[in-house]
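A single chain, nothing else alongside it, follows as structure tokens in the form predicted on its own.
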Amino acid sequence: MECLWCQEAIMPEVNWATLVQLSPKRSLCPGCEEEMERIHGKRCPRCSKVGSDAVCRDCSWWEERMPKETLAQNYSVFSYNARMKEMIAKWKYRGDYHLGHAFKQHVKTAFADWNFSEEAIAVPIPLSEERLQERGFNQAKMLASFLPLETEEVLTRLHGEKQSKKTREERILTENPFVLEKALHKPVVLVDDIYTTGTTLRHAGALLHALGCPAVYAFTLIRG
């Protein structure tokens, strides 16, 4: 099998553990795996920003401006380092759908590590029709398919400027770009590729809460 990133052959690891129990198939070689920075240790309990503060500055900012928080917690898998930036560009912006499978086992493991105990529904953050046509697939929907949760696509998105082209302030001040097509009365886990300012997820959370959703969480591949 070849590494999905560098196309080098992946040699299967053989030891007593793998002889007794088959280990998951690798999608990346050990060298590429090492360059992906999993978030371990101290992180903000609300947004997964790496650091030792009880609550990070970003979340304190939201507390001051949003008395009724619409997002209970975000849990992220990776930090946004140079290798992850390259991989996201190829997967998300250049349409390499299969590269997304490189994240599958990491997503499954991280979700189990989260110890998320509620019976919830996964809701992927949607792309606009124009963006979906441009990219060919929705990366958030792919990530949601890796989770052990029922998935409901209940949000639609109006077309607008790419979030990656906006400054931090422009992202925070943007109007709600979503429409909620169906009320959900179970806890929801919003799924997206990157948590940057949290604005996108809070917009979606506000709509879900307004129509009776009891709690909104987020699970994201990367904490930017």
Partner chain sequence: MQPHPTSSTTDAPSNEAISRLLSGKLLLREEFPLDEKTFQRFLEQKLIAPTASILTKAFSHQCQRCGNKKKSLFALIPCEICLSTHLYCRKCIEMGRVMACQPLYYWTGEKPVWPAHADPCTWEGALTHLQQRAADRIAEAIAGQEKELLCWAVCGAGKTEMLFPGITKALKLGRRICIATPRADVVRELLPRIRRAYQDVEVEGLYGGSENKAGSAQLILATTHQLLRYQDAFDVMVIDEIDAFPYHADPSLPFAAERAKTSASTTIYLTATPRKNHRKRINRRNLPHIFVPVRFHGHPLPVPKLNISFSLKRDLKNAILPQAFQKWTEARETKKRQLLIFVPAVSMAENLQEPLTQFFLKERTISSPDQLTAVHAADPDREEKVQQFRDKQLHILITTTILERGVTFPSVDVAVLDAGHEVFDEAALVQIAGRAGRSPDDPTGEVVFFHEGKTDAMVQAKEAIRKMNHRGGI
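Please read all numbers here as calculations on a predicted model, not as lab measurements. Residue numbers count along the first chain shown, from 1.
Below: the form predicted together with its partner chain, not depicted.
Chemist: Though its partner chain is not shown, can you say which of M84, L147, I121, L99 has a heavy atom within 4.5 Å of it in the predicted complex?
Modeler: Checking each option against its partner chain in the predicted complex, the one that comes within 4.5 Å is L99.
Chemist: With the partner left out here, if you bring back its partner chain in the predicted complex, are H106, T109 and D193 all within 4.5 Å of it by some heavy atom?
Modeler: Not one of the three qualifies.
Chemist: Heavy atoms within 4.5 Å of its partner chain in the predicted complex: does D113 have any?
Modeler: So D113 does not count as contacting its partner chain.
Chemist: Is I222 part of the interface with its partner chain in the predicted complex - any heavy atom within 4.5 Å?
Modeler: I222 lies outside the contact set for its partner chain.
Chemist: Although the partner isn't part of this model, could you tell me whether A218 comes within 4.5 Å of its partner chain in the predicted complex, counting any heavy atom of the residue?
Modeler: The answer is no: A218 has no heavy atom within 4.5 Å of its partner chain.
Chemist: Is Y80 part of the interface with its partner chain in the predicted complex - any heavy atom within 4.5 Å?
Modeler: Judged by the heavy-atom cut-off of 4.5 Å, Y80 is well away from its partner chain in the predicted complex.
Chemist: Within 4.5 Å of its partner chain in the predicted complex, counting any non-hydrogen atom, which residues from 117-135 show up?
Modeler: L132, Q133, E134, R135 sit within 4.5 Å of the partner.
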